[in-house]
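Only one chain is shown below, in structure tokens, and it's the form predicted on its own.
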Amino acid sequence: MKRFLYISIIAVITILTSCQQELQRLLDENPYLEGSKKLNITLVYPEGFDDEIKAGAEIKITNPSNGAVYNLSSNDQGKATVELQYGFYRLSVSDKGTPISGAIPIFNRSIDQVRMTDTLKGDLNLSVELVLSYAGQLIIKELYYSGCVGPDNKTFNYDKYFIVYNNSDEVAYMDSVCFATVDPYNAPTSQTPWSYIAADGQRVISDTIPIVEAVWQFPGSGTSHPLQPGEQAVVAMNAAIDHTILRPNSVNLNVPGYWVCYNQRYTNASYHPSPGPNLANHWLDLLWKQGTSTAFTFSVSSPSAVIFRIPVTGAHAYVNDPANRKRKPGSSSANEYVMIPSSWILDGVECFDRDTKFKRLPGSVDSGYALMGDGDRNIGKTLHRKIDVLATQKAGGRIVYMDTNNSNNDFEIRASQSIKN
């Protein structure tokens, strides 16, 4: 008994000492102390792209605690310097390379927590290794999720939709394209649990994307649903009916050619009434659903949406294989999330309602975020792609939208829904 008591006392002392050391570390790194330091940034381009190092890469630094934003541009050596007050910062980089056989290389990276503390000796020198991706053929052109107001002055949110657009000069096929939303549903107020501390000591977001609740997929045999250059596919996330009959500020989603996320496993009649007759044979397949929810949940304040293809035999088999699902790190919940490699993502949009929120998508998918604050919500406004004027001119007038894999650059708030009659 005495030996057990002695061991227990030692264990308690060890735990207390460890806690005291952690507390002291946090005190030593108090981000609210007076003072500042220089952050020296060096952009590191992927192997084989050294020639892309040039002036003009866009660097955005945000202080999530107060929303302060610093916009920088790299010099011709891929470097930038800024003086920052002590604190924790979020950094994102976006650059566009020289086209290769018609494909435009994109270089992005986001770091969720750059630590500027008084314990640092001298300046903080940060090498930012950029991630290579390419401007996509299929993009999310518009995301309407915040709703509108009806004649009764009540907020109406059952008319959400998104638009997929063929931004290229070649035919695209919607067959097997999947749609989903990323965990957490709403932009978090702290670092996502799907992030980790990298070898350079900075916090980054995992390149494997956690899908929450449901995975939807366009049907078809491979070439059943072509999308010509400059054409689009409108998808109703909820009720695919004409909402304007009762609410003129809303939209008509019962239009020939439109699609709908509809499956009878979702029984909530407000969110999922039977689709209008014009959407026959235009239902997305529900590949996977978790939980007992009766309505497909999509954030009305700050969603993060992705479209992707699963390049393995049997997408249905992939999402339903337990080996391809994980529980949320640090959570005791039994809920699982389908994990999608970022290389499968065709396009993704990160939405914030405040600058002080934290990201869910890695820089390879979206190194920034589109901001729609409280003042722009619930009045029919929508997030819409900006037109790339120069690319549109080169395409002979066919509209080409911005695609830098950085929603800060690519999206703007539109005063009303683009499909509004």
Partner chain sequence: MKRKLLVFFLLCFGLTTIMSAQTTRKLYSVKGVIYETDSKTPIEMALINLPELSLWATTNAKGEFTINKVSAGTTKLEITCLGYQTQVINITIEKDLDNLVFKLNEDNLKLQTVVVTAQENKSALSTSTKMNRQAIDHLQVIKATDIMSLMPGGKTQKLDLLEKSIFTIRGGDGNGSFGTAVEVDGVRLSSNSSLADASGVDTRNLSASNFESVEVITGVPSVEYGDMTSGMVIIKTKKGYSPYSATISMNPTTKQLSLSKGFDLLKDRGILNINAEYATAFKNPVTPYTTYYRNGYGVNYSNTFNRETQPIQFNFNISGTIGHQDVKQDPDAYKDTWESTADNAIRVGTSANWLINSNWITTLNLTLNGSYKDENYKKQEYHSFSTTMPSVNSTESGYYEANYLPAQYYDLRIDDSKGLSLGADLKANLNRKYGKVLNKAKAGLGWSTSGNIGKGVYYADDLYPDGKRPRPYTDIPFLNNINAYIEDNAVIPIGKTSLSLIGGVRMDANFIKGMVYKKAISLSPRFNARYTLIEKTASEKRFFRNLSIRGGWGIMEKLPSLSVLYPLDEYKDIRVYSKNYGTQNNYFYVANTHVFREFFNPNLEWSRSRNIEAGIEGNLGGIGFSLIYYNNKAQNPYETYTYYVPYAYSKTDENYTVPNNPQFRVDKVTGDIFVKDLDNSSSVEVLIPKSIRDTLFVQNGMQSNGMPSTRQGVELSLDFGKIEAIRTSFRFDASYSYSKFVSEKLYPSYSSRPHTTLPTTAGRSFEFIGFYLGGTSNVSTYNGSWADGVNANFTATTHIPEIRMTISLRIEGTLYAQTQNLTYYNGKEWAYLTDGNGNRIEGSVYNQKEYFSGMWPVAYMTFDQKVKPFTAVEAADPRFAYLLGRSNNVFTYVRNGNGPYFMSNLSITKEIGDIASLSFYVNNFTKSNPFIRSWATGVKSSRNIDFAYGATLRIKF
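Residue numbers count along the first chain shown, from 1. These figures come from a predicted structure and were not determined experimentally.
Heads up, the form predicted in complex with its partner chain isn't pictured, but that's what we're talking about next.
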{"query": "Lys154: touches its partner chain in the predicted bound form, heavy atom cutoff 4.5 angstroms", "finding": "yes"}
{"query": "4.5 Å heavy atom contact, Pro188 and its partner chain in the predicted bound form", "finding": "no"}
{"query": "4.5 Å heavy atom contact, Pro322 and its partner chain in the predicted bound form", "finding": "yes"}
{"query": "Its partner chain contact in the predicted bound form: Ile104, any heavy atom under 4.5 Å", "finding": "no"}
{"query": "Complete contact of Arg247, Asn263 and Ser274 with its partner chain in the predicted bound form (any heavy atom, 4.5 Å)", "finding": "yes"}
{"query": "Proximity to its partner chain in the predicted bound form, single hit among Gln77, Asn281, Ser221, Gln228 (heavy atom within 4.5 Å)", "finding": "Asn281"}
{"query": "Its partner chain: the contacting residue among Asp169, Glu129, Asp207, Asp242 in the predicted bound form [heavy atom, 4.5 Å]", "finding": "Asp242"}
{"query": "Location of its partner chain contact in the predicted bound form, chosen stretch of 140-148, 234-242, 80-88, 177-185 [non-hydrogen atom, 4.5 Å]", "finding": "234-242"}
{"query": "Any residue of 366-400 that, in the predicted bound form, places a heavy atom within 4.5 Å of its partner chain", "finding": "none"}
